[in-house]
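Just the one chain here, the form predicted alone, laid out as structure tokens.
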Amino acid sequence: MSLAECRSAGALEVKFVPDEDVLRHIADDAGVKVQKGKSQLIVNTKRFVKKLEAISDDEAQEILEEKNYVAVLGLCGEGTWGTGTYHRCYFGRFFLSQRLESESEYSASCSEEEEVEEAQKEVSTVLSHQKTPAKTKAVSTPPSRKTLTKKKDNMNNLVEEYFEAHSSSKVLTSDRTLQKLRRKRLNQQTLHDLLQKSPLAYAAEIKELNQQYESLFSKWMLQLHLGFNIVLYGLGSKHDLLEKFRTSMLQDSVHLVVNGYFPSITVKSVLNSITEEVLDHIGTFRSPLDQLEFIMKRFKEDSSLELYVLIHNLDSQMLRGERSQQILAQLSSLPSIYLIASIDHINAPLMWDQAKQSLYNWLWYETTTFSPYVEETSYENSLLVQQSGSLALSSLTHVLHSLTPNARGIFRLLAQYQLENKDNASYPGLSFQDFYQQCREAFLVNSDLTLRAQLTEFRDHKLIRTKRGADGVEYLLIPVDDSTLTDFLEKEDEDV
């Protein structure tokens, strides 16, 4: 029978269409037709899926032979057939479309759109499983634990091999040291002069920034009298800023300046300065806690007493201890003691727990000055400076300037006596009794207890060293070379 005869006889005409058109025809077009019709038909998908899954390959071949689909496709179809898989794939689609039409014609009408969409999804799922049976078998399974362990071991081995290949038993260091330079190392004063001559970058901007901070001085004074304490933080030295605050706002007030960056500063020296300079108390205390209790009692009894305390580098190495911070916090909690301090370490707030925070009652001010830390690092031993003794002259000067005039006079007497005996190679030091007699004649002390208390402070600052001779006598010695002591006395004479 020819193609024209097949068409005139009304025989079934089969066309080959792409996969996408087949799925759209089944899933979408059929749904549109159902929605447009007067009575909506629903496909009994569950029954259809069960029938479709129950058909085996042999049964499908029998149905194919009975209905003579192959003959029809061979006579009326356009195109050629390929492999057996191609036969079965298109036969499944043709058979499914025939079943879908037969089932949809005699199904009961239903008005729920959700059931129609659910049926279309199930049909599409079955089609995808029957069209590509090989893909379902090729689903990747997760790797086993042994495989992951093996990969991890391989990675560890690679890391170890890398470091073994790049490691060396020899430590290579450069022999280019400062000792090999032809130029001699400078002294402290020469280095200071050279640094002073070098221009400061962005000097105009830094000056303008400091002027903005100086405009806050009146506000700081008000907040101090309202019961707060002030802490300054930020990049750059804040020494000059606090010094400017002291000279402009505290000229007519009793104030105490604590240079926390001194290498030998202690909280006991701070307490001694308050008891001797502010309270005019002469005597010793068994411990710093007893001294603190005495100070707090005096300030509470006398309401006219007022004291401003300025602390440079409250987070310094010598003041950041638990005991020192507790004593300073209790001092700052007194209503008539006003504390303004600076910090520079990034982890400085970690020094204070909740109890200390409540005692300090801080107001935080960000005062970034971008100024160099000249004063704060003046006591450090620089590799560019030739050290003249165990204690640098700048450190000695800074420490003594923080002491009382009587304490400086006592140290001056000891230094003069040591220089007078510098040619004596067997000089053991000045005995305590002889030194006490000289200090008493100079009206610096009135008892040996006062002298011992002052010597204890010197010892805390590492300014003197005591030792006992073979006869049991206590000798005093300044652990500084003679040239440094000479420079110190000359500088003291210039200041006087």
Partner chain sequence: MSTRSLSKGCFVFKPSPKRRKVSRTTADYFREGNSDLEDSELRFATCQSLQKQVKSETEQIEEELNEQLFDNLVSFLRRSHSAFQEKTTEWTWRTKSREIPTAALVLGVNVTDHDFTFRSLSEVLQNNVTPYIALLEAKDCPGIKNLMQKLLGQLMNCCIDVGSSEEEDYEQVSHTRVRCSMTSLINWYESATKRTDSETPGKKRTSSRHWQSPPVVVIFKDMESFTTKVLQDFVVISSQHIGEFPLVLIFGIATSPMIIHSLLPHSVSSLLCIELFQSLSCKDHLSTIIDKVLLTTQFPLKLSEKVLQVLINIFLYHDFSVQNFIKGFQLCIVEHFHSNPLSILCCQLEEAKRRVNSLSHNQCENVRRLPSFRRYVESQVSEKQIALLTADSSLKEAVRKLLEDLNVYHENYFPILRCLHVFTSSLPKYPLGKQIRELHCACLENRVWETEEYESSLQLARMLNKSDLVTMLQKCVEILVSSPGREFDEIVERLKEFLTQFQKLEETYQERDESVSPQKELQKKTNLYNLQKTLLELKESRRSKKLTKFEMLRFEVVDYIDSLVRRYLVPADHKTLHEIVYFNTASVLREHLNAAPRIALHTALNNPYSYLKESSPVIYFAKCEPEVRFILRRSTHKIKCHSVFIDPLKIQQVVTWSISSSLLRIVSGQENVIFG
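Just so you know, these numbers come straight off a predicted model, no measurement behind them. Residue numbers count along the first chain shown, from 1.
The form predicted together with the partner chain is left out here; the points below concern that form.
Peer 1: Of these, Asn157, Gln196, Asn424, Gln251, which has a heavy atom no more than 4.5 Å from the partner chain in the predicted bound form?
Peer 2: Partner contact (heavy atom, 4.5 Å) among the options: Gln251.
Peer 1: In the predicted bound form, which of the listed residues (Ile295, Val258, Leu414, Leu339) lies with a heavy atom within 4.5 Å of the partner chain?
Peer 2: It is Val258 that has a heavy atom within 4.5 Å of the partner.
Peer 1: Would you mind picking out the stretch of 265-273, 157-165, 416-424, 400-408 that comes within 4.5 angstroms of the partner chain in the predicted bound form, counting non-hydrogen atoms?
Peer 2: Every other range fails; the passing one is 265-273.
Peer 1: Is the partner chain in the predicted bound form near all of Asp448, Thr466 and Val473, within 4.5 Å of a heavy atom of each?
Peer 2: Checked in the predicted bound form: no contact with the partner chain for any of the three.
Peer 1: Using heavy atoms and a 4.5 Å limit, would one call Pro335 a contact residue for the partner chain in the predicted bound form?
Peer 2: No - in the predicted bound form, heavy atoms of Pro335 and the partner chain never come within 4.5 Å of each other.
Peer 1: Is there a non-hydrogen atom of Ala329 within 4.5 angstroms of a non-hydrogen atom of the partner chain in the predicted bound form?
Peer 2: Judged by the heavy-atom cut-off of 4.5 Å, Ala329 is well away from the partner chain in the predicted bound form.
Peer 1: Check Gln223 for me: does it contact the partner chain in the predicted bound form (non-hydrogen atoms, 4.5 angstroms)?
Peer 2: Within the cut-off, so yes.
Peer 1: Would Gln354 show up as a contact with the partner chain in the predicted bound form if we use heavy atoms at 4.5 Å?
Peer 2: Output for Gln354 is yes: heavy atoms within 4.5 Å of the partner chain.
Peer 1: Listed by sequence position, which residues of 325-357 have a non-hydrogen atom within 4.5 angstroms of the partner chain in the predicted bound form?
Peer 2: If the 4.5 Å heavy-atom criterion is applied to the partner chain in the predicted bound form, 325-357 yields Gln326, Asp344, Ile346, Asn347, Pro349, Gln354, Ala355.
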